[in-house]
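Take a look at this single chain in structure tokens; it is the form predicted on its own.
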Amino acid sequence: MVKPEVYKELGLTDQEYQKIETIMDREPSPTELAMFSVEWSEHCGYPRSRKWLKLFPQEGKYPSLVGEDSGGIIVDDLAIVFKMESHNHPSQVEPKQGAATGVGGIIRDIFTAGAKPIASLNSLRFGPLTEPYNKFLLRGVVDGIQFYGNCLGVPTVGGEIYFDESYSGNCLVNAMSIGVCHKDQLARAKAVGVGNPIMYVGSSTGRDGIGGCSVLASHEFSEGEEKRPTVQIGDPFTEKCLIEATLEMLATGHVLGIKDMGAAGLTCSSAEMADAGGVGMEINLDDVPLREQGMEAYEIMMSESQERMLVCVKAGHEKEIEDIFAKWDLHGVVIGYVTDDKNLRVKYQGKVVADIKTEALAKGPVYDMPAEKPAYLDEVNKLDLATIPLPTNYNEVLLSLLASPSLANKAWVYEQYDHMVQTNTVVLPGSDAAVLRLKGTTKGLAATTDCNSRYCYLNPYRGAQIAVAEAARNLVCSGADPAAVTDCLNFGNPEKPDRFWYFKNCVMGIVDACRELYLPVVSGNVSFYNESPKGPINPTPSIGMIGILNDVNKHCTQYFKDEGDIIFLLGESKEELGGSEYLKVIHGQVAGEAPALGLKVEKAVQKVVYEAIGLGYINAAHDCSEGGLAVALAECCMSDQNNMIGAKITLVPGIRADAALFGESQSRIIVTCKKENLCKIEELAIENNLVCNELGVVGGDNLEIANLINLPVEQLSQTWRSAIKL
């Protein structure tokens, strides 16, 4: 009998070990036990979340690609492949390498699908910058992203960063990547054809990252815990060669299946490829290229060394594949072959060290986790606006909000990223969404990442819906038609019912919002156990979304363009302050309900703006979100540093001034147009039963809002741009 401390050290429970013994009908070998531990971990097998992930809609406006390491959509003859994934725990331990290997891993998921990576985005969360370690994490993560992405030649074109106390002790680093190929060039992650060779390609295997998915990504951080050895080390120059070699290999037509060796390394790629193809596989670890001596079989199978992939090749073409990788100074070696017994058999040093049914590994247990609403939430949701005093100086409030790190300008971050390499980028970072040209066509691709975790803390169902709705709004403001979703679901310990309640309700919010907006969820990732001794992170279901522009030249940006343009607001401002940045920064409260959201109104505002941009009526469009109307107007005035311009605004009467200025009512978009187009936009709004209020006019050097705010745009810009400089 294996001692409990052995399998528990690998992250397995008593019940899971007993189930393994039942499956094997014997005591598992050390290698088999290690393989089960990584493949059944939450990071790989999703045993606690899989039941809920099956609810995501998979149909939308374009044909969907779902079911591989990355998903996507078909647009004409193009396959657009994209995915978001977490690298939270490694980044908390070693921020530069954690973030770098997160970027490298998600990009490998794209090109192993046969697509050329064309863009990266990210969604980041840190504790307050008043704490020195959080500054260290931010610097390290940004350094890792720029180091890997810039060296690789894949532009980082967009993202988001928020700061909150809940992330002190557990930062979030969610990486997203997008690739494009002809739809006939898509590759599959499966092994087929008995006798066909299995080839290991890429870099060599070391001890870095061993157990990363089971030991690091599937447990909470404890006080003083040291897990640096489980963090992988990445080499972007090797990955650049790997991209070129892989795409060249796929072009031969000799590849039957391919999978990245990401989480769980060789265990995951071999077991899941064999199971997906309904076959078995035999591999010999003596043939695996190693960079360290004396490695045990379980170490080779668990290693998460970077820049490696597993390939199923048509028999007789091994030498051709080997030569391609040799040309790029990479390994390309046969380590096994496809069998007909549906077992994964692993040999090492003349012995069989593992022999397991592939289905048992790849389709592990599914748990029905208990969920319970936190007892504190009813009290937190109470907010009496009568107890919130109105500001005595609205100018000071606006400046304070613009200096809040979550709202402040992020140029210090994104200016370290190369966002112009490959020359596809049409709209640079700093607007509502990135816009890329799809070369060889007239079309464009827009992309964004979004999530307000404070809303999800206050109301997980509605907060997750808002994340979907805001991502779609950002794409519409760029002129794109929202097309498909990837997600990265970041939560605390799922074994605690109150944490799992947040997860379940966020999932249902995403499900219902995507169904209403007709958006498929084509890929994603779950990251549990995001906790520290201080407690869990705020529930953070990050949404990555892409949209399609039929004519990339008809894109739109958020900043004001010309003096005399008319400014108006589509959508209704409500008297609500719950969960707002204003309530947190100015009044020190996280309370109330998340803002109300009506998905039918949301669809109407998106439809009107999308059509008006397509018809050429709109000069600028900007989603009204965190910080409310006043912050959104300020961003419109100063986002383009080369063309900053003021505005004169009148407020729509009916609600208290701070809610009108700083409330975060949903389904609102600020737009501008020439005078001659005003009636055309108003007609579109009336046709769609949408509230449309003229606010004012572009012009001057100041932002003037009623008789409450009057500040030079230059002062607004200086405050906003100088808040984050490390």
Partner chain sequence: MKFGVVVFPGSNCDQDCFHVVDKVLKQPVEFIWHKTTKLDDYDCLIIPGGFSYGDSLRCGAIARFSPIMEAVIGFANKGGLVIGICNGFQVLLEAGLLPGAMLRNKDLHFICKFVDLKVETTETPFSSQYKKGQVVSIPIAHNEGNYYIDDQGLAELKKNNQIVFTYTNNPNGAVADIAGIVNKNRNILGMMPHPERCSEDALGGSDGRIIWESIVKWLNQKSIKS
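In this text the structure is predicted, and so the values were computed from the model without any measurement. Residue numbers count along the first chain shown, from 1.
If you look for the form predicted together with its partner chain, you will not find it shown, but the lines that follow are about it.
Contact with its partner chain in the predicted complex, judged by any heavy atom within 4.5 Å, is made by just one of Glu299, Glu244, Glu531, Glu572: Glu244. Just one of Leu186, Val426, Val511, Val255 comes within 4.5 Å of its partner chain in the predicted complex, counting any heavy atom, and that one is Val426. At least one heavy atom of Asp418 is located within 4.5 Å of its partner chain in the predicted complex.
At the 4.5 Å threshold, heavy atoms of Lys363 stay clear of its partner chain in the predicted complex, well away from it.
Among residues of the shown chain, Leu152 is one whose heavy atoms approach its partner chain to within 4.5 Å in the predicted complex. For the chain shown alone, Asn343 is not a contact residue for its partner chain in the predicted complex, no non-hydrogen atom being within 4.5 angstroms.
Per the 4.5 Å heavy atom criterion, its partner chain in the predicted complex is contacted by stretch 409 to 417, the sole one of 451 to 459, 513 to 521, 630 to 638, 409 to 417. Shown here without its partner chain, the chain has no residue in 335 to 349 lying with a heavy atom within 4.5 Å of that partner in the predicted complex.
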